[in-house]
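Only one chain is given next, in structure tokens, and it is the form predicted alone.
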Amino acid sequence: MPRAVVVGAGVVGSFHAYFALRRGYEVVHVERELTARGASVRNFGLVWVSGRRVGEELEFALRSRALWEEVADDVPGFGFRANGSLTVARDDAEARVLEEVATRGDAGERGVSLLDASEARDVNPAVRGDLVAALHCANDAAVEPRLVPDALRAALTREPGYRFLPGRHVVEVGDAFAADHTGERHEGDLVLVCPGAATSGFAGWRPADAPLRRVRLQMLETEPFGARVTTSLADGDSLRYYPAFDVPALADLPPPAPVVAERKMQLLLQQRLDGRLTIGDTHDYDEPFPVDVDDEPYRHLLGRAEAILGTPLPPVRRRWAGVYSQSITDGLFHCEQVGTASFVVTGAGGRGMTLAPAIAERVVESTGAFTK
């Protein structure tokens, strides 16, 4: 039986282990922490089709969306639900952007339709604030980010060909091997290193030469909300962020609030299975990143969420920051060969949770074919 060595137990690494095992590899899965602690568990858990760029990115997101639902039959523990989303317009300029997106040729493939205020509230009765219109995306979905890596690993552990090695920091990657800090050398027919934003600290790869940057974001979580929020939610600031909304009417949007422009913000809101609300986010691109979190963006996001929901929010339970790796080329992620049968896979950026299954499927198929 061929062996695959997978380094990294975040969502991208865990899906690589899943698809490698499914395709007949014995899998050795190495993780420097005891469990995933990076961007994989510090996000919204959105499987986000609505905002993806027309063309390859949208096709890739749709493939990934199908894989999430397919894998959910094997791994129900990560809380997949096809809840859809509403991107809310609170003025006529935002509504015109949504109208152009809803009438574009890919609207049916994307699963979007334009709703008036009454129709939007029928889809999501929790949206009781002021709105003009909303873009409904039936293809958007959600998972529980803090559950996904452990749920995948629990399913893999039941398979006889899988071995998980936590607390092992890989210090070197070479021709068909990865060596960890204990001195153990893990050899395989295929070696896939999925380091997320931790792109330094092992020999055999120079991340400074890769077309990557790191991005920091701030998010928060409230106590349980008193009503069911039936869809994921986004506000008009997301129109400037997601490439799907790059239509002529976008130029007519008024300038964003100063804090939104400075921190490159948008409101995304997702209700967790226990009723809590995850709210964010910001985007900081210049390192070194601060060690603390800034409260002004949180105040703005909470105000936007209350305006859309039309009611005060529960108290904030926790706040956090996360860092992810983003490819700065036109590619959807970065895959680089670093030795015979050894590859580094990272750089999915803010699309990591959405695209992880399709990334892993493509990499395992393409690199596996290369090594055999």
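What you are looking at is a predicted structure, and each value in this text was computed from that prediction instead of being measured. Sequential numbering from 1, following the sequence displayed.
One more form of this protein should be noted, the form predicted in complex with a small molecule, which is absent from this view; the next part is about it.
Open item on the list: Quick check on this chain: which one of Arg65, Arg304, Arg42, His334 has a heavy atom within 4.5 Å of the small molecule in the model of the complex?
Closed with: Only one listed residue qualifies here, and that residue is Arg42.
- [ ] Have a look at Arg263, His136, Arg168, Arg110 for me and say which one sits with a heavy atom within 4.5 Å of the small molecule in the model of the complex.
- [x] Checking each option against the small molecule in the model of the complex, the one that comes within 4.5 Å is Arg168.
TODO: Would you point out which of 116-124, 229-237, 213-221, 255-263 contains residues with a non-hydrogen atom within 4.5 Å of the small molecule in the model of the complex?
DONE: Contact-bearing stretch, as computed: 213-221.
Task: Contact of Pro195 with the small molecule in the model of the complex (heavy atom, 4.5 Å) - done: Pro195 belongs to the contact set for the small molecule.
Task: Contact flag, Glu69 vs the small molecule in the model of the complex, heavy atom cut 4.5 Å - done: So Glu69 does not count as contacting the small molecule.
Open item on the list: in the model of the complex, is there a heavy atom of the small molecule that lies within 4.5 Å of any heavy atom of Glu26, even though the partner is absent here?
Closed with: No - in the model of the complex, heavy atoms of Glu26 and the small molecule never come within 4.5 Å of each other.
Open item on the list: Ala9 versus the small molecule, in the model of the complex: is there a non-hydrogen atom within 4.5 Å?
Closed with: Looking in the model of the complex, residue contacts with the small molecule include Ala9, since a heavy atom lies within 4.5 Å.
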